[in-house]
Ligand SMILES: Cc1cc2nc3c(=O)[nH]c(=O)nc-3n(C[C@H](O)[C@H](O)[C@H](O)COP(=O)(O)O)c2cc1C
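In the form predicted alone, a lone chain appears below as structure tokens.
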């Protein structure tokens, strides 16, 4: 699989088979992740890879905290998209697409709740990767490099037949994650990635999102 094919094939997977992933496969993926570009070679990324019984405990704790109305403890703030912006429209369009293919009506609270907690269960993936960095680094300075490493994970996973879903829901309760995983307080948890073998029979996994044409988002200068 060449680079262009991997980029075009990557998509968010929202349901996974329970099959475990060999540790050596994850290790190879993380080794490739660490080849990401990094400002002044600072390499701010660190990883926690969780599977098995501990991941099941984390999934359950996520849902318990959400059900109890416990406020988010994310280390990175996730801001809402401006209401009338194109960014909000793209978010809403995706939600409509997902709810239609999953047959979730707007007023069906039970199905909407079931859909919401899937994200807090890492979409039932058998493994989750948590990326974090040292708090001595600025948020802006490290998050760009972490994003590059995150992209490498998602692309390199494809060569092993694996799918991924980048998640903010999975790090909503960072204090709980620190306690259960053993991530030091001196580290800032940036993102989680659900990873596993895709369940291609799951309707939402058939969705391919649109991308804006470069003609509408690119300024060209100095070209014929």
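Quick caveat, the model's predicted, so the values are computed rather than measured. Numbering follows the first chain given and starts at 1.
This next part talks about the form predicted together with the ligand, which is not shown.
Screening 31-39, 165-173, 178-186, 49-57 for residues having heavy atoms within 4.5 Å of the ligand in the predicted complex returns a single hit, 165-173. Every residue of the trio 10, 14 and 150 has some heavy atom no more than 4.5 Å from the ligand in the predicted complex. None of 136, 144, 86, 94 but one reaches within 4.5 angstroms of the ligand in the predicted complex through a heavy atom, and that residue is 94. Although the partner is absent from this view, residue 130 stays clear of the ligand in the predicted complex, with no non-hydrogen atom inside 4.5 angstroms.
For residue 24, no non-hydrogen atom is located within 4.5 Å of the ligand in the predicted complex, even though that partner is not displayed. Of the heavy atoms in residue 122, none are within 4.5 Å of the ligand in the predicted complex. Residues from 48-71 do not approach the ligand in the predicted complex: none has a non-hydrogen atom within 4.5 Å of it.
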